[in-house]
Each structure stands twice: as structure tokens, then as C-alpha cells.
Ligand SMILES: Nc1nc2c(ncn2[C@@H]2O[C@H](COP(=O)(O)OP(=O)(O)O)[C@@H](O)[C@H]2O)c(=O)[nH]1
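A lone chain, given as C-alpha cells: the form predicted on its own.
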């Protein structure tokens, strides 16, 4: 049996999918998390089914790429059942998709999710009446606690056995029927605003929301630095330097004679067994953990949707709307995830603007960790300067692209979810998924990059590379010739361009210039297959060439500016 999980964005489809299949997927308290489908299997003594987590859709008349994927999957013709997940706290809006699905003459079972919130909001729904009006099985669920999921599974055969007729309707007829259903099944009890509702009002109104947003940003930034630096200084560095590196050095020294190049490659200047382990695990990992912890909390509380509304006016200046804050923030986690999440934007023009800016000036979590590790211990003002420059570039470049690209920015609509206390299990699961992806996908590439650097250094090739790039690295950027190795390793992983600078004795100005060049430099190798898939080969080549040129121009401008000032 093939089952599609369908519903509006942010109704809990991915949580239900994860619970039914046991497959880990990202689930957050803001719309647009799922932008491509995920498959899994449900197996019980009575049932074996393939379940597909479909991107969120408000309508079967697609308005963006994510909805196109949803409709294509529904129209593929091999679907046995649709589990329509509904937000019980927003029944009227969700029923539009429900009626549209019923008109497709496909078996449907309705999961009335977020059922626990209806009690807090004073919403009473007559379940038996609603089920009789829809003429399909209906089960109230609370996915985060597994409530109702066992009953949902048990009623799947019932949904398959009955297929009541639902004739096609016009939009007006559909909304009229929804209004009739709501009058018959839903009553709302008057009550006073709760603290979270008052907080919601404060965080979405510009007068109070903007100061709160600034405070949240500063607090998040400070916590990432504090947590990351604490883990690095007091946990990971003592562990590696006290228990891991000494036996490695002793073992290699005992096995490989002095003067053999292999010994230097293993434990020398770019020793793959020292820097290859230390850079990703003791340098980047602590800041990565801190970043994903703070991001998970902001996601699951529901704050990001409010931030999107506050930034809508600013984002219109760069040719998109407040909803673009989600791809940007996901880009801070991983550029690949940010590119994919841009599918939720309304137009191709918006996607090109957002993805271009993301590839040029948004550091991923690993690169952020490397930049913070490089600068935070030497100069917090230097760290702030780097991110201010990146922000100003995004603003100016976005405004230029908005003028150059033909088209207009659509009106912004986004669901504002209820504030919720983050579920610790869900937060821990999300952090583990992100960190495990880094450990198993990124760390091997970093080790490989360090290995290449060690070979280049020990064979003397790095010296000749330094001479080749000297006019740019030394003349234009004012960096030591050895920094040129970062330009090569940065192609493999962005943070390697930063990590190379850790072994050099740099001034504050050189640290800023090096960080700026690495920040604007070519995205890592994993990004390009995604760019080609989503936008084509020409666009991917444009990103490669433009990021290299902009990185050198920005670095040269910063170097020349500081040289004039100081």
C-alpha cells in the first residue's frame, strides 16, 4: 500500500511520518520545513505500507515549487490512501485542502492533529459530527506525544473500504461548505489572553518586535560564542591534547623514523592525524553544537515566523519577502538545505536572488564555527566587523539584483504558529541529526583536505603555489603566502579556508581580511550538484566565477581600507 501524508505547511506531517516509520526527519514549528518528499515504511502485523511525507500545500492549484511536488505525487496515479493531516486549531483554513482531496476520488483518512492545543485555546470540535459531514474516518492526534497514532493506523483499512462520492466544487462552493461545517462542529469559548498570546502580539508588532528581535539576535550570538568557546577550551581541547594527540605522536614517532616524509604528513605542520582530527572535532564541532542548539530552540518555539513578518519590509528591498528568512536561516546551518528550502518561495526570481546571496555571503554552521574560533579569542570587534560587512553586502547586492532582474515581489502570507515550549527530545534529536550529518559527511572531507595540505607542504609544492598566487594573496590581500593553500582547500569545504589561517601568525587586520575572503569564497563542492539540479549548469558556473571574483575584491577593499586608516 502506498500512503501519502498531505496537509498544510506546519501541521505536523513530518512528526507523524517520523513516528509511523521511525525515520528521522527535520520537524520545526514554522512552515516550509519539508520541501521535498521523504519515503519510509510502516509495518504492523496487519499492515505493510510505504508512507511518503509530501511537502506542505494549501491548495491543489500549485503556487510554488513545494506545492508542485505535492500535486505531482498526488496525480501520479498509484496512491492507495491519503492521510490528510489537519491543524485542529485552524480547522476552517485546513478544510479547503481536505475538500479538494476528497474530490479526487482517492481514499482519505483525516488526522486532526495538534489536538492538545484546542483545549488551551478554548476550541471545542464535535468529532462525530465532523466525521459524518466529511464521510471519511477522522482521528484526533497529538503527534509529539503519539496520542491517537495507534487508532489512526487501526482505521486505515476502514478508509480503504469506503469511498463516498464527493463531486467537484468551485472555490465559492467549497468555501460555502466549509463555513457550513464550521458552524455545525466548532464552538469557541471566550477566555482571556494567555501570556504566550500577549508575547506573540509583542514579538510581531514593529514597535516592540524589532527591539526584541535585536535582543534575541545578540543573545543568540553571545550564547553561540560562550557555549562553543566553553566546550572548546574546557572540554574538547583538554581531551584531545591530553588523551588523544600524545599517544598518536608517540606511536608515529616510534614507528616512522625521523626524516621520512610520511612522518611529517601524519604529525607535522599539517599533520593529518593532528590537524585532521583537531580542526573538525575540537575547532568547529563545539560552535556547531551551540549553533544548532540555539537554532532548534528558535525554530521549535515558533519565533522564526514572527521574525519573518518583522523583516518583510527589509526583505522587499532585496526583491523577496519575509518568508525568505527561513531559507537564509537554514543556509546558516547548511547551504544545501537553504537552497532546497527556497522551493517554498513563490517565484523563480525570488529563488535566484535568495540562493545567490546565500552562496555569496551566508556562512554555513561549520564555517561560522571556524570564523568564531579564529576571531573570538583574538578580537570580538573583529568578529562583529566581519558579520556587519556580510550583512551590508547582502543588503546592497540584493537591492542591485532587485533592480536588474525582471519581475516583482509577491505579497507576503505566512502562517503564525502558536508559541510552544520546545520538546527536549525533539531538540536533541534534531541536533543529533545535524551533527551526525557533519561527522559522517563533512569530517571525512576535512580530513582529506588536511591530507592534501600536508602533501603540498611537505613536498614543497605549497611554496610554488604561494609564488603563483603571491600577487593576489600577498599583494592584494596582504596575507602571508602560506594562506594560498586555503584557496585550494576551500573548494573542498568552506571552513578549511579558515582553518588554514589558524596555523599562521596573523595581525587583526589580516584575520579580518582572511575571514572575509573565506566567507565570500566559492561554496563547498557539495553545493554544486544541487545548484545544477535546481537552476542549471550556467547558473552554477556563474556562482563559481562570481564568488571567486567578489571574494578577492572584498578582501582587497578591506585590506586597502585598513591600510589607509591605520
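None of these values were measured; they are calculated from a predicted model. If you superpose the two forms and keep the largest set of C-alpha atoms that fall within 1.5 Å, you have the rigid core. Numbering follows the first chain given and starts at 1.
Heads up, the form predicted together with the ligand isn't pictured, but that's what we're talking about next.
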Legend entry - Interface membership of residue 144, the ligand in the model of the complex, 4.5 Å heavy atom rule: yes
Legend entry - 4.5 Å heavy atom contact, residue 174 to the ligand in the model of the complex: no
Legend entry - the ligand contact in the model of the complex: residue 559, any heavy atom under 4.5 Å: no
Legend entry - 4.5 Å heavy atom contact, residue 14 to the ligand in the model of the complex: yes
Legend entry - Option from 349-357, 115-123, 461-469, 255-263 whose residues, in the model of the complex, bring a heavy atom within 4.5 Å of the ligand: 115-123
Legend entry - Listed residue that, although the ligand is not shown, lies within 4.5 Å of it in the model of the complex (heavy atoms), from 420, 135, 129, 429: 420
Inset, instruction - Align on the rigid core first; then say whether the Cα of residue 556 has moved by at least 2 Å between this form and the one not shown. - result: no
Legend entry - Flag for residue 149, CA shift 2 Å or larger between this form and the one not shown after aligning core: yes
Legend entry - Core fit, then residue 113 C-alpha moves 2 Å or more between this form and the one not shown: yes
